[in-house]
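As a starting point, one isolated chain is supplied in structure tokens, in the form predicted alone.
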């Protein structure tokens, strides 16, 4: 079976530590629930991602070197 998360076209997904998450939420002046959602069943998520975690996704960008987005893991 193929591990989709290791495919070259899948951007890097990282589960954020609570300390880093607090800094991100404070920077954008939002709550965790204000973030866009990603399903726990998404094959690109790291195995350690659990419901309620926030995942940092780093994508390549044509206009900026990298684009960083955050997603809340939901069931």
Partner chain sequence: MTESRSAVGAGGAPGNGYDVSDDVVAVVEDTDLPRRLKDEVYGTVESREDVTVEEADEIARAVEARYLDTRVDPLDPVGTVSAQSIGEPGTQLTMNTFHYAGVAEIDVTQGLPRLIELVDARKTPDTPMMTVYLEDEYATEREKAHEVVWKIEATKILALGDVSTNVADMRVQISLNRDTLEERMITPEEVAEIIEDSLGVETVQNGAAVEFGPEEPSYRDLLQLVEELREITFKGIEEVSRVVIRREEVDDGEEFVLYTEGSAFGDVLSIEGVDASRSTCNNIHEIHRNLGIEAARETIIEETNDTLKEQGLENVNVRHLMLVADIMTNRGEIESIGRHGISGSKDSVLARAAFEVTVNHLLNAAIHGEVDDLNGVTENVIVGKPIKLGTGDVDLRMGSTGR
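Residue numbers count along the first chain shown, from 1. Note that the structure is a prediction, hence the values are computed from the model and not measured.
Keep in mind that the form predicted in complex with the partner chain is not shown, yet the notes after this line are about it.
message: Whether residue 21 contacts the partner chain in the predicted bound form should be assessed with a 4.5 Å heavy atom distance threshold; does it?
response: No, residue 21 is distant from the partner.
field: is_contact(residue 16, the partner chain) in the predicted bound form, heavy atom dist at most 4.5 Å
entry: Contact check for residue 16: no, nothing within 4.5 Å of the partner chain in the predicted bound form.
message: I'd like to know if residue 50 sits close to the partner chain in the predicted bound form, meaning any non-hydrogen atom pair within 4.5 angstroms.
response: So residue 50 does not count as contacting the partner chain.
- request: May I ask you to state whether residue 43 is within 4.5 Å of the partner chain in the predicted bound form, using heavy atom distances?
  value: Yes.
- request: At a 4.5 angstroms cut-off on non-hydrogen atoms, which residues of 40-71 are near the partner chain in the predicted bound form? List them in order.
  value: Those in contact are 42, 43, 44, 57, 59, 61, 62, 63, 64, 65, 66, 67, 68, 69, 71.
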